[in-house]
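In structure tokens, the next block holds one chain alone, the form predicted on its own.
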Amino acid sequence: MSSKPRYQQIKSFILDGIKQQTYRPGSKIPTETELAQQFEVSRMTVNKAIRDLVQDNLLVRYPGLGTFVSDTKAESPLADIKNIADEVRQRGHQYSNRLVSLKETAASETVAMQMGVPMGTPVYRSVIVHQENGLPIQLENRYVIASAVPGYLEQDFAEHTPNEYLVKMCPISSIEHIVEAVLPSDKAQELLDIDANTPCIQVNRRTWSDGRLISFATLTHPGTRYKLRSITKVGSI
């Protein structure tokens, strides 16, 4: 039997339903009465669990209609680079990540072309799943020039993200973004916990420091959980 308080168990149940897309954005969750019967608790206990999730902007209540999964998507600026952990926390949500891989490898033909180096050049590769309130929102597949950031493999990316570390070690002088709509690869489906038909936003990002290309990253976001924003300043009309 779980040692969690009952309202926490109900929160976890609803969060799991959102994560597994049993409850999709805009869909209605079970009523307080139904949840109270299922967990054999009072409606007051259920109400506390739902109230917490409403405060976290994961659920929204409509009087007379019920409680629905929020369709608000995580949002990032397209024309800038921000630390995804900071973005999540600024929304008042909990950031976490899962390190899938961190190793040295030889640049393949594709990676070498993107990074402007000969094939076989030593590069570091990190694969990380970034999560917001436990829900995967970005799969980051990043390559960095090993000679430019020799301490990359020794970093604890549970404490700071690759973006945060690279900005500190190699201040960014310019960036390139290429955005496209894609369907997820088999690996992306597994790591982002989505199905093959989930539309995704894929950002191919290259970053330079002092004129030298440092990093090439492919960032894959489930389209149902994420959006990108671009603001361009123009002169007065």
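Basically, rigid core = biggest C-alpha set you can superpose within 1.5 Å across the two forms. All values reported here derive from a predicted model rather than from experimental measurement. Residue indices: 1-based, along the sequence shown.
What follows is about the form predicted in complex with the DNA, which we do not show.
Chemist: Which listed residue (Leu191, Val41, Met169, Val203) meets the criterion of a heavy atom within 4.5 Å of the DNA in the predicted complex?
Modeler: Of the listed residues, the single hit is Val41.
Chemist: Which of Ser185, Ser27, Gln55, Thr31 has a heavy atom within 4.5 Å of the DNA in the predicted complex?
Modeler: After the contact test, the surviving option is Thr31.
Chemist: Look up in the predicted complex whether Ser70 has a non-hydrogen atom within 4.5 angstroms of the DNA, and give yes or no.
Modeler: Outside the cut-off, so no.
Chemist: Hey, in the predicted complex, is Arg212 touching the DNA, heavy atoms inside 4.5 Å?
Modeler: Heavy-atom contact with the DNA at 4.5 Å: absent for Arg212.
Chemist: Contact between Gly66 and the DNA in the predicted complex at 4.5 Å, heavy atoms?
Modeler: Yes.
Chemist: Would you classify Thr198 as touching the DNA in the predicted complex, given a 4.5 Å non-hydrogen atom cut-off?
Modeler: Answer no; every heavy atom of Thr198 is more than 4.5 Å from the DNA in the predicted complex.
Chemist: Heavy atoms within 4.5 Å of the DNA in the predicted complex is the criterion; list the residues of 5-22 that meet it.
Modeler: Residues within 4.5 Å: Pro5, Arg6, Tyr7.
Chemist: Is the C-alpha displacement of Gln9 equal to or greater than 2 Å between this form and the one not shown once the rigid core has been superposed?
Modeler: Where the cores coincide, Gln9 still shows a C-alpha shift between this form and the one not shown that is 2 Å or more.
Chemist: Superposing on the rigid core, is the CA of Lys48 displaced by 2 Å or more between this form and the one not shown?
Modeler: Yes, Lys48 moves 2 Å or more.
Chemist: Once the core is aligned, does Lys187 move its Cα by at least 2 Å between this form and the one not shown?
Modeler: Moves: no, less than 2 Å.
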